[in-house]
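We begin with a single chain expressed as structure tokens, specifically the form predicted on its own.
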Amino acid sequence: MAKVKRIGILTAGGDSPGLNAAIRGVGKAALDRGIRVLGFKDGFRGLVENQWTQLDKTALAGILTIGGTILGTGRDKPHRMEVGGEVRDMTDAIAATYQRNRLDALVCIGGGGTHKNAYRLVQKGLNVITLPKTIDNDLALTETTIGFDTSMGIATEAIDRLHSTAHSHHRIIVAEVMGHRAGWLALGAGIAGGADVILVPEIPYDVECIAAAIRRRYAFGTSFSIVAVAEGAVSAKDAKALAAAGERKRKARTEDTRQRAASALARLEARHTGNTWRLSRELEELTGLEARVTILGYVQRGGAPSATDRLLATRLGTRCAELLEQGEFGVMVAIQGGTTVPVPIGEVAGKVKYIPADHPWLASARRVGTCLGD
């Protein structure tokens, strides 16, 4: 087995607290093994354009506590990248950059999209190792991801602060938390912040059920409520319509019917934009209480990483360097049973880790009287 001498690192997808800690963990542990480290800029585009910077001990110093990523990030897909005004497959160009720089391996730090893109490069014959990063915590085969703990803490603090306004003005406060496909962030922050209602994509909600729970609180003398809602949460009615549209698209036998089904599905998905505001108005009508919306947005992804995320990123990064030295490629460094383990990227790409119906967080939420919309 040839010794690994040069590696590339990139960060892709949305920014997340702990990315710099992960870069540092991989970089310092690799340098300690005599491996030269190149940092490619702005995700996969840096590989296409051969834009990189040397990551030596000076470049890695002092970045552990800094949010964001010193390499920049992007959402470009190697097989569908806009170059010169055209969308082109640039995987061959990436492979050429890999060879031109005499790389022995590439480390990709990112979430769901990054893992699908990394797997395409594995299929091109590149030596790739990935690290799991996403505030949504929805990557398969790992118990947690870089950025989740920090973002959950930020969302929890926001919900904490909203309590005083809700209480003072006798209002319903609807706080929208990130999480388009899975509701880990809304559920964790909602429980930790004492939200009265928590809505996640995994459990389609009935607005009448939510309103009834709020009215019960009012009847027992509590004239305010906090609703934590994941951005991807949908009503039972909308969930049924989306499922039916998706099934029609899947079963379409001609291009014409497929396009019509895809158009109908796109209209339903577009309707979901502003769903939190519609929910707020419906709750006002059904309860007679004033409702206000707070969308936490990108603030959840910003700032310094928590101690937990710094530790996680460092553990994953240093284990990555061990795997590089051992020549084990095509894997994601995961957390399972509290320890770091390599799992095949092909088993992660395209998969979503949803909240299981029997998850203890859901059980605990119900036991303290939290309404989950069902």
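Quick caveat, the model's predicted, so the values are computed rather than measured. In this text, residue numbers run from 1 along the sequence as written.
A second form of this protein, the form predicted together with ligand F6P, is not displayed here; the remarks below concern that form.
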Among Ala105, Ala175, Met90, Met178, which has any heavy atom within 4.5 Å of ligand F6P in the model of the complex?
Met178
Between the options Asp149, Glu202, Glu231, Asp76, which residue brings a heavy atom to within 4.5 Å of ligand F6P in the model of the complex?
Glu231
Heavy atoms, 4.5 Å, ligand F6P in the model of the complex: which of 119-127, 249-257, 274-282, 135-143 makes the cut? Say which one.
135-143
Arg292, heavy atom within 4.5 angstroms of ligand F6P in the model of the complex
no
Using 4.5 Å between non-hydrogen atoms, is Arg301 touching ligand F6P in the model of the complex?
yes
